[in-house]
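The chain that follows stands alone, in the form predicted on its own, written as structure tokens.
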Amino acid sequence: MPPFPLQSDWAFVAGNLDLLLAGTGITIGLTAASILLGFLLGFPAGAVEVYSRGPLKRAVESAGVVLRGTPLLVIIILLFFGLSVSSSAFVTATIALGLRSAAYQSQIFRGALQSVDEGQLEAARAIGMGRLQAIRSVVVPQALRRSVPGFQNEFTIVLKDTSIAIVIGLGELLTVGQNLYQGGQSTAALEIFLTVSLIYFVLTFVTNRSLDYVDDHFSIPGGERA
């Protein structure tokens, strides 16, 4: 007979729910910061790949290939233990996740920009807009709308990838869950990870439904995105 009755395992989870929720808060913050950094770097990178030429375009494309082809675990370890970009595990994880997300977001936005008919850019130029103004005022608003489905998928991936920050000791949700059962205070490993999985599911579900609403709100009647 196990030293802890089954009901005490769930009681142990309930008693430490505050710790799990604190870890959830860090997970949400890490996801939001990483996605924002990814957007701030990824959107310009996508635009460079579409509209730029020469060394800048090649440099951006090469950086994207390297980041997309390198496991996130390796990036985090390299930044934290190798380059020591920050003594803060949160900052390091944000940079790692943000750079990796930027590499993927750049492709989402590149595809969205290329999906806007070239004739619209030419029409904007014909009425007196400069090239940069035409891109900013005509192409970008449409591309952002068309990128929502891809961005939704990327958001979900980054949310789940935050768990990899466990390797540098960041106290996000998965780390908290692992610390609880490894402390030897309970046999509630299954119960803890079921609770952690449920929290991840709720976060993912709420995020997806929210972005579904955004996608529907900005869609054009008839189903065409613009």
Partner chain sequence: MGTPESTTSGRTLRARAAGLTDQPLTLLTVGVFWTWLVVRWTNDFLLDGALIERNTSFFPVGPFEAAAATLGALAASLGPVGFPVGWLAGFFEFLAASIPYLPQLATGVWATILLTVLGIALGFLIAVPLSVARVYGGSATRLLALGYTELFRGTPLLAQLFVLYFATPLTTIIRELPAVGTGFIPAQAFWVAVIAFMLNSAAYQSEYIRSALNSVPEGQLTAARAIGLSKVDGIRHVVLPQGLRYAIPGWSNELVYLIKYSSLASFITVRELFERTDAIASETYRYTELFVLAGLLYLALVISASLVMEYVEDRVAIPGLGTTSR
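Nothing here was measured: the structure is a model prediction, and the numbers come from that model. Positions refer to the first chain, counted from 1.
Beyond what is shown, the protein has a form predicted in complex with its partner chain; the following relates to that form.
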{"item": "Close approach of Leu170 to its partner chain in the model of the complex, 4.5 Å, heavy atom", "value": "no"}
{"item": "4.5 angstroms heavy atom contact with its partner chain in the model of the complex for Ser197", "value": "yes"}
{"item": "4.5 angstroms heavy atom contact with its partner chain in the model of the complex for Val65", "value": "yes"}
{"item": "Interface membership of Tyr104, its partner chain in the model of the complex, 4.5 Å heavy atom rule", "value": "yes"}
{"item": "Residues within 4.5 Å of its partner chain in the model of the complex, restricted to 163-178 and counted by heavy atom", "value": "Ser163, Ile164, Ile166, Val167, Leu174, Gln178"}
